[in-house]
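Just one chain follows, in the form predicted on its own, and it is written as structure tokens.
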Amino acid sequence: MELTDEDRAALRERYRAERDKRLRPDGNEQYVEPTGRFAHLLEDPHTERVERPPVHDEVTVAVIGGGFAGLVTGARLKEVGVTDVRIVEGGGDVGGVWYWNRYPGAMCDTAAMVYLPLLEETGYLPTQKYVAAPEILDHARRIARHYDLYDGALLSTKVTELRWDPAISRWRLRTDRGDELRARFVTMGTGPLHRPKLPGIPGLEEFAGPCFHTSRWDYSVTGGGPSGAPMTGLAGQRVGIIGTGATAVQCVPHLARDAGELFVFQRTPSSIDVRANRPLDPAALDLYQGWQQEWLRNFATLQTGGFTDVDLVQDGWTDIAQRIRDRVVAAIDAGEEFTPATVQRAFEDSDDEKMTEIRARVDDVVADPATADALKPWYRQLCKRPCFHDEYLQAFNRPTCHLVDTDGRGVERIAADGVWAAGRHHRIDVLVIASGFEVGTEYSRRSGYETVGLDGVTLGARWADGMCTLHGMHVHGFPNLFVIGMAQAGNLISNFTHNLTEAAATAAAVIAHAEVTGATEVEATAEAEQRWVELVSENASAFLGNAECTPGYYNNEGRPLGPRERRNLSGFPGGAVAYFDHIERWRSSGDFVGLDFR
């Protein structure tokens, strides 16, 4: 549908008004660390910790983190002939966020053909377009088995300190099990989604009934299991869930099905697009050597406004990107010049159209007009994590499922017997916290350990004013260290694992080159790091400071962006595909410009 100028102006005003009522001066500080009653959230409920003797030895590469970052790094190292690799992981198994997230309905909202890494290498084809958490965890284990990454892995083991020893050109790694490892190289893939956070709501610790975080789902209370079996323990129970982000969107339908009554406490509604999940038929797929790399490039190209002959993934992520692209093409065909203003107008028109459709879908699905109105998102689609689901909105048509909309104010306080929200007390028997993981806090706090480089400088101190890297990976003053992530690199938020596979290939190439040449130390030069930071710092997402964006972890909780935030949230100019092309050329050239091998 075409919007008039008056329609667009009204949208801008509504977006700003909805944003303003949700702005908070405390930003990220509105969330608190799990302590006291909730200290167990930092522990592992899935695997019993078995005591073992401390390990004292030396490895070529210590890989911190057993999620997909660590797994793909270990895999790429093995592929280039670096076999002495040891994973150190706090959880009782590999999998990262998919080891911790076992709530009912947990699923990735990026298509499995591009999200699950190393499909072609491991010979696996996902069962559905979007696969559930148990299948994702199984694939993580498949990678570990395929590349023998379980060999020597230290699981249920938390790193407590990482310190560079210049006398021996080694990293000294200490753990909570008394281990002391010396490593020539260290890769850090601790990821942004593993440390649970809690809302700083007054009275949270006073709630008398069962209360747990979604990342530590307590099936002893609810019954059922991660595969979706009925939660018989909730029969006749009044259940409350705080949070309406991606996690809540997935587990609310299961809670609504099984609870006696469900109360969903909402501060900001999520954008809920169609998921249209379906089984994958191998016979219908044209899979050939190199197929997954082709799918990855196709998806990333469409996500960054590029052109392809076909949309292989065909989902909500590529839909909005193609609308923008097609409007730009139409404008150029009509005689306009290709300018940033042309792209911006195409983006705004496409986003207005898409979000109008998403709000109209709420009216089509939700029977009660008042509930439907409260579930409509009034912001641009990428201001918050877009959600795709075909059961969430439908759950509110159940007479036992109640939306408690707080008009942007959030829950007021919690008492022993329930929750105060929207000026009313709601009696609750079981309380579920769906507040997600820490994002934007200090790296050492999220990783759980401090990293000490040359001259005793910590990574926290080095990054006090924001990340400083070459390619998002190498840090001057921290030789032989590799940060595996997406910031100051591709920054492809729609498919996080694509960032990891590219970073892993780069780390493996650098380490293999050092092995071949006999270099004992590899470090980014100060000049190369400075040039890279200057290059990416002005390319933070346009959404981050957008006056029409509702606050959330995508945009620094709506607080103003300083140089630190811009550095931490920046990516390569030209987008993800441009970065992936750049880094592939860089690592393939063999010159490794910007690194000092000595």
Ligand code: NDP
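We number the residues from 1 along the sequence you see. Just so it is clear, the model here is predicted, and its values are computed rather than measured.
What comes next is about the form predicted in complex with this ligand, which does not appear here.
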Original post:
Based on heavy atom distances of at most 4.5 Å to this ligand in the predicted complex, which listed stretch, 449-457, 504-512, 378-386, 80-88, is the contact stretch?
Top reply: 378-386
Original post:
Just one of 243, 240, 316, 96 has a heavy atom within 4.5 angstroms of this ligand in the predicted complex, so which one?
Top reply: 243
Original post:
Of the options 348, 109, 258, 429, which one has a non-hydrogen atom that comes within 4.5 Å of this ligand in the predicted complex?
Top reply: 109
Original post:
With a 4.5 Å heavy atom cut-off, would you call residue 199 a contact of this ligand in the predicted complex?
Top reply: yes
**OP:** Please check if residue 217 has a heavy atom lying within 4.5 Å of any heavy atom of this ligand in the predicted complex.
**Re:** no
Original post:
Can any non-hydrogen atom of residue 126 be found within 4.5 angstroms of this ligand in the predicted complex?
Top reply: no
Original post:
Within a 4.5 Å heavy atom cut-off, is residue 532 in contact with this ligand in the predicted complex?
Top reply: no
Original post:
Does any residue in 266-290 get within 4.5 Å of this ligand in the predicted complex, counting heavy atoms only, and if so which ones?
Top reply: 267, 268
